[in-house]
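Read the single chain below, which is given as C-alpha cells and is the form predicted alone.
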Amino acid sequence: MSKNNMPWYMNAVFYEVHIRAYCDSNNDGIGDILGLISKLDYIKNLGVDCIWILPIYPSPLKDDGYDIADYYNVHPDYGTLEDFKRLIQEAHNRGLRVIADLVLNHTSDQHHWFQTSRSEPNSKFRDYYVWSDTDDKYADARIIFLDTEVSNWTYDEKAGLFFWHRFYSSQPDLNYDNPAVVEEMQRVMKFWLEMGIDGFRADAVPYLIEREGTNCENLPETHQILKGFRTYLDENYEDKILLAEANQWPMDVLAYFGDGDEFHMGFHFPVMPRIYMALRKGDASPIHWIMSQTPDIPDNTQWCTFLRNHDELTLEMVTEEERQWMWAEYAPDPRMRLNLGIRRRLAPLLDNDPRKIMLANALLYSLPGAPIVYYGDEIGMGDNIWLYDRNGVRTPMQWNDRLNAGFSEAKPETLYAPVIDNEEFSYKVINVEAQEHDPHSLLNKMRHLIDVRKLHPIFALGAYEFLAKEHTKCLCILRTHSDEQVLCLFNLTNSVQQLSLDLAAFADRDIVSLIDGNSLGKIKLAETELELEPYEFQWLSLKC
C-alpha cells in the first residue's frame, strides 16, 4: 500500500475525551460540548487526527453514560443536538475527525424500550430484550463484573421474568435475534452519521448473541450482525470507520476484521499490560510473547493500541500468577484494584518518571497499530483512588493552576468530581499552561513524538521484526516498509545498556535519529555497537 492512498485511520493518532471531564463552558461543574469546542485548537496542536468521545446520550449515569436511556439525543448536562452538530463542524474545520461510542449490546433499564418491554407483554418491545422464566439458561457464560454481579440474570417483578445482562443489572442486553433490534441500531447509526461523525467505537461487541452450550462470546451469528452493520455503512457513507471493542485474545479479535468486511479497526488489549510488565521487570520477553500471539490482519484494517483509557487497566488476559504480580507491583493498595484490573492513570503507574512515560509511549507507537492518547496523559495527570468505580481516572482536565484547574468557574464543591490536588500530581504543578511554556515538558515531548510518528507512515504500514531477542533488557524492533527501515530501540532498565546488533545487511547506510536528526555514523559490515542510557529510547532511520 502506498503512503498516498492508505485509509486515514491506518496512520491516525486518536485522542480519547470524556466530555464531562474536559471543560465546563457554563460553570455548572460539568464539562460540556461547548467546552470541548473551546479546546479544539489545543487538541489540534497536540498533533492527533481523531477525537473519540465517550457516550453523550441521555442516561441515568449509573455506568458513566454506557447505560443509555435515549440513543437519539444528548444528555442535558452536555448540551444539545445543535451543540453536537457544531462540534463536528468545528472539528472538521480544523482537520480533526470525531468518532463516538455506539453501545450496541445493552441499554439502561430506564430506556423506554425496556420499561415498555417489562410492563407490556404484547408490545413489540417485549422481544427487544432477552427474557426467561428461569435463571439457569446460558450457564457457561462468565460473569464479567465479578465484584458487583452474582449472575447474568436479574428477576424483574413487573414482568415476572428474568432478564439477561452481561454487565450491570441496570443494563439489560438487547435481543439481536430480533431483526427489529438490528434495524433499530442501523437507524441509530444513520442518525449520528447524518450529523457528520466519522465513525463509531462499538462497545462490547462479542456479546450480542446468546446460545446454549457456549460461553455466549464471539459467536458466528454475532459476526453476521456486525458484517451487516459494516455493509450498511459502506453502502451509504464514505470514509467512516467501525472500531471494535472486543476484550479478547488477538486471535479471537481477528474474526472481527472478517475478510476486511467487518470492522476497520480492533483494539489490541493484551499488548498493554505486557508493556507494563516489561518495564517493571526490565525484560522484553512479555512483548516478544504477546506479539508472537498476534496474527496478521486483512489489508486496510488496523489494530488500535493504548497505554491507558477510561476503564481499569484490564488484567483479564494474563495468567493468575501474572495478575497477582501486576497487582503487587502496580496496585499495592487494594483501592487501586477494580474487577480484574487496576484503576490508575499512566503517570502514577510509571512513578511519575518522564523517562518511563516517554519510553512507554514510544514503545507503543513502534508496534503495529494506531495509538490512542487518553486525555490528561499527555501532561502526566494523576488519579484519585478514593473515587467510586473507574471515576478516579476520569477527573477534571488540568488546564492551569487557578480555580478548579481552569476546568470550571463553579464553586469547587459543585464539580462533578474534585480536581487532583495532592502534592505530586496537583493541578498547581501539573497543568497545560505551565507545560506550554516549558520546551522540555512532557506535553511538548509528546507533541514531538506524535509529529515524528505521523511523518513516518512506516510505523503504520511497515512489517516488524524483533532483533537481539536474547538481550532481553532491551527491546529492539526493526520496522520495514518498501526500501525504508527504522530501528526502534528501548532500554527497559535503570542502567546503561550496550547493544551489539548485526546490521550488515544495511552496510554503509547512515544511522540518523528521527527524534533529533543527529547522525550516529555509518553501519559497518561487522557488529554495530550502540549504547542506551537508563530508560532511553531511539528511533533510528537506516538511510541509503
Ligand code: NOJ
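Numbering starts at 1 and runs along the sequence shown. Just so we're clear, the structure is a prediction, and the values are computed from it rather than from any experiment.
Below, we refer to the form predicted together with the named molecule, which is not included among the displayed structures.
Margin query: Is the named molecule in the model of the complex close enough to H106, Q171 and E245 that every residue in that trio has a heavy atom within 4.5 angstroms of it?
Written below: Heavy-atom distance to the named molecule in the model of the complex: all three under 4.5 Å.
Notebook entry, point to check: Does any heavy atom of E484 come within 4.5 Å of a heavy atom of the named molecule in the model of the complex?
Noted result: It does not: once the named molecule is placed as it appears in the model of the complex, E484 has no heavy atom within 4.5 Å of it.
Check: Is D156 close to the named molecule in the model of the complex, meaning a heavy atom pair under 4.5 Å apart or at it?
Finding: Taking the distances in the model of the complex, the answer for D156 is no, it never comes within 4.5 Å of the named molecule.
Notebook entry, point to check: Quick one: is H111 in contact with the named molecule in the model of the complex, heavy atoms, 4.5 Å cut-off?
Noted result: H111: no contact with the named molecule in the model of the complex.
Check: Would Y66 show up as a contact with the named molecule in the model of the complex if we use heavy atoms at 4.5 Å?
Finding: Flag for Y66 set to yes.
Check: Out of the stretches listed (195-203, 89-97, 356-364, 469-477), which one is close to the named molecule in the model of the complex, meaning heavy atoms within 4.5 Å?
Finding: Selected stretch: 195-203.
Checklist line | Option touching the named molecule, based on a heavy atom within 4.5 Å in the model of the complex, out of R118, H165, R394, H268 | finding: Here the answer is residue option R394.
Notebook entry, point to check: Between the options R390, R323, H223, K281, which residue brings a heavy atom to within 4.5 Å of the named molecule in the model of the complex?
Noted result: Flagged contact: R390.
Next item on the list: Residue by residue through 304-327, tell me which have a non-hydrogen atom within 4.5 angstroms of the named molecule in the model of the complex.
Entry: Result: H310, D311.
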